[in-house]
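A single chain comes next, written as structure tokens; it is the form predicted on its own.
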Amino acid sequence: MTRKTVLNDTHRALGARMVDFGGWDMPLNYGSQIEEHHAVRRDAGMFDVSHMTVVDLHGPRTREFLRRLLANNVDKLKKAGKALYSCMLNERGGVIDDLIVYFLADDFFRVIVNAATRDKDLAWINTHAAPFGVAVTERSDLAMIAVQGPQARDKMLGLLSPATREGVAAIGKFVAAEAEGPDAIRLFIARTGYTGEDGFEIIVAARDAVALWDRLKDAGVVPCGLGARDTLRLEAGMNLYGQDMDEEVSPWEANLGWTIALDAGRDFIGRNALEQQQAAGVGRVMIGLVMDDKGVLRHGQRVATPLGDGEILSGSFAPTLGKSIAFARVPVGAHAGLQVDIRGRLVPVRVVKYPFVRDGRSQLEA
């Protein structure tokens, strides 16, 4: 059965085109996907991300548990509100999911996992939490709205009570704070996002989500669907679980080596496999591609290289750039002479570093 967020009726009233996304009935766009994309790059847009799963972890051994569960090290989180991006791995070093974890107190951490992986994530977390005595609580009573763009912070801050506005305005990136919104709504506001723009991801009680959405819309924040969210995150060089990595792909192969903390003495799940891969050398890597010819790069297309075939992972037309871009997984060392098979025609592509767009500007010639 398809699930619905608390904002479902609101999306439909706005004329959204709805699609199934990981078992959720979600808005793809409200009209022009490209206009929504540009709204986030140039001003401020908002996304219903209530399909994401919020999991609260409680217990005196919660930090110890997360040191075991995650490839990144939660010991980096020393101040309440600080967040960390990490992969959660299986014993083979494959990615079960990528997630964000927040340190809220010595015995309280909050984890945000992906919608499509909810069931397996909860099962994995519960299994490994039990020996540590950690209580795992899925917060189905909460909703989440992402407000993103160069004007997003100012527009959101304008809705906060004077008593909490200054504190939220001062938080750095990957930090969260409690705040009071319009009509005394309680908010958990994190300076995080999935678009490459500044802004907030806001967790709010489900009963207050529609009111917050409406106030943001009145403040000039543009409703945006999953279509724009996907082109924005690709331009920003951000991985999508299920396309760019999965349980058969390690962080080394997904260009996520920077999320692995091989600290001395920390035995996290998948560490042995990662160390073996590192010592032997991986045979394939994830790279960025841009196509200067007409056409669109799409998931699953074959990438012909002098060292053997690769594959397009995430690919799309990039509205900010006016070109098609993609992530591809190719043999190590394949950096020149690459072509993509588009309906039997080999089209040249060039390898570029990503992010493709930073702070709203192209990085292709930077």
Partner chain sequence: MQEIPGDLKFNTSHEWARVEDAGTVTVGISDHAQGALGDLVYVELPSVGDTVKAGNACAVVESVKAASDIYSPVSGEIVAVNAALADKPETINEDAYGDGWLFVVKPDNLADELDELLDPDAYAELIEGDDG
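Only a predicted model underlies this, so the values are computations on that prediction, with no experimental measurement involved. Numbering follows the first chain given and starts at 1.
Missing here is the form predicted in complex with its partner chain; even so, the following discussion is about that form.
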Self-check item: Stretch in contact in the model of the complex with its partner chain, which is absent here, among 93 to 101, 289 to 297, 205 to 213, 163 to 171 (heavy atoms within 4.5 Å)
Solution: 289 to 297
Quiz item: Tell me, which of 49, 28, 304, 54 has a heavy atom within 4.5 angstroms of its partner chain in the model of the complex?
Solution: 28
Quiz item: Which pick from 353, 358, 17, 350 sits with a heavy atom within 4.5 Å of its partner chain in the model of the complex?
Solution: 17
Quiz item: Does at least one non-hydrogen atom of residue 34 fall within 4.5 angstroms of its partner chain in the model of the complex?
Solution: yes
Quiz item: According to a 4.5 angstroms non-hydrogen atom cut-off, is residue 117 in contact with its partner chain in the model of the complex?
Solution: no
Exercise. Determine whether any heavy atom of residue 195 comes within 4.5 Å of a heavy atom of its partner chain in the model of the complex, and answer yes or no.
Key: no
Quiz prompt | residue 231 within 4.5 Å of its partner chain in the model of the complex, heavy atoms | solution = yes
Practice problem: Using the arrangement in the model of the complex, list in sequence order the residues of 307 to 323 with any heavy atom within 4.5 angstroms of its partner chain. | Solution: 316, 317
